[in-house]
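Shown here is one chain on its own, the form predicted on its own, set out as structure tokens.
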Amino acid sequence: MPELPEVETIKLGLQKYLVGRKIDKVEVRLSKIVQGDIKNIEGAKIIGIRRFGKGLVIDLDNKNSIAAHIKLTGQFIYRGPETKKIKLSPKVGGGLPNSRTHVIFKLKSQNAKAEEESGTYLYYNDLRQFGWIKIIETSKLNDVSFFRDMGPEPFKDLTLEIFNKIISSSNTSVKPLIMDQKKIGGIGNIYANDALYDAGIDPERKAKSLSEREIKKLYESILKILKFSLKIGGASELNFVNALGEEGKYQNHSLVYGRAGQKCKRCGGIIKKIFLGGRGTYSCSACQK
């Protein structure tokens, strides 16, 4: 599912186009996606967008928030007069709205004329319908276990010291550990695979077997890989698109993820695939020890 770089990319796009606009009306086409009363957000102004791990929060000026987790195939796509010329990716499923569109937020600006705001919407698409949207009082976000239990995040509060403690105190395999959202927020399967490869560490290694040097290298590799993916707009391996409906490019640059049977970019060996913690795991046995 979309990971830190993808959700951060969506957040940045939503910040640019949503902040300062009011939510005029909300149309819920699939009730199971939305929890809470839409009347609590209609008429409210959007004042900020935040990301927590793989989750998004849209804050409103009436002390309510829209909390969302897009899971595997969720998409938030903004369409307005200024984006009409931007071509939507085929991953959107056609023009908007379409059969994948489950929630439509009609937006308006306080100062714009009605005709200038016609066709200004935020669409929530979800092919597999695994995602959720919760309308909640901003002060009660921590009542949602997803946010309350989130571990420290890269680029935010995951320091090397904290990372060292997490790794050195665990007897589980290192790859499932760094993907555990209660331990570390935001890292999923794509970037766990590639960070371990970059660090030269076997994903099956017991975490506490890593030396301090290896832990430091893995920490640096995680930041390096995530930063690079952010720079090129995330990975659109499956259904991810940014807030304008455009694809990211990381899938064209992955180091080992999705490359089973292909040659290792470092040594020329063959990349193998196993399942670890129920997830496809890619590595080069010659490079990763």
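One-based numbering along the sequence shown. It should be emphasised that the depicted structure is a prediction, and the values quoted were computed from it without experimental measurement.
There is also a form predicted in complex with the DNA; it is not shown, and the following applies to it.
J.: Only one of S145, N98, S139, S211 gets a heavy atom within 4.5 Å of the DNA in the predicted complex. Which one?
T.: Contact with the DNA in the predicted complex is made by S145 alone.
J.: Can you pick the one in N164, S173, S89, T83 that has a heavy atom within 4.5 Å of the DNA in the predicted complex?
T.: When the DNA is considered in the predicted complex, the option within 4.5 Å is S173.
J.: Verify the flagged residues L72, Q129 and K273 against the DNA in the predicted complex: is each one within 4.5 Å by a non-hydrogen atom?
T.: Affirmative, all three are within 4.5 Å.
J.: Looking at 75-83, 179-187, 155-163, 194-202, which stretch has residues with any non-hydrogen atom within 4.5 Å of the DNA in the predicted complex?
T.: Among the listed stretches, the partner-contacting one is 179-187.
J.: Heavy atoms within 4.5 Å of the DNA in the predicted complex: does K54 have any?
T.: Heavy-atom contact with the DNA at 4.5 Å: present for K54.
J.: Hey, in the predicted complex, does E3 get a heavy atom within 4.5 angstroms of the DNA?
T.: So E3 counts as contacting the DNA.
J.: My question is simply whether G268 lines the interface with the DNA in the predicted complex - judged by any non-hydrogen atom within 4.5 Å.
T.: Answer no; every heavy atom of G268 is more than 4.5 Å from the DNA in the predicted complex.
J.: Given that the partner is absent here, does G20 sit within 4.5 Å of the DNA in the predicted complex, heavy atoms only?
T.: Taking the distances in the predicted complex, the answer for G20 is no, it never comes within 4.5 Å of the DNA.
J.: Any residue of 236-262 with a heavy atom within 4.5 Å of the DNA in the predicted complex counts; write them all down in order.
T.: Those in contact are L238, Y257.
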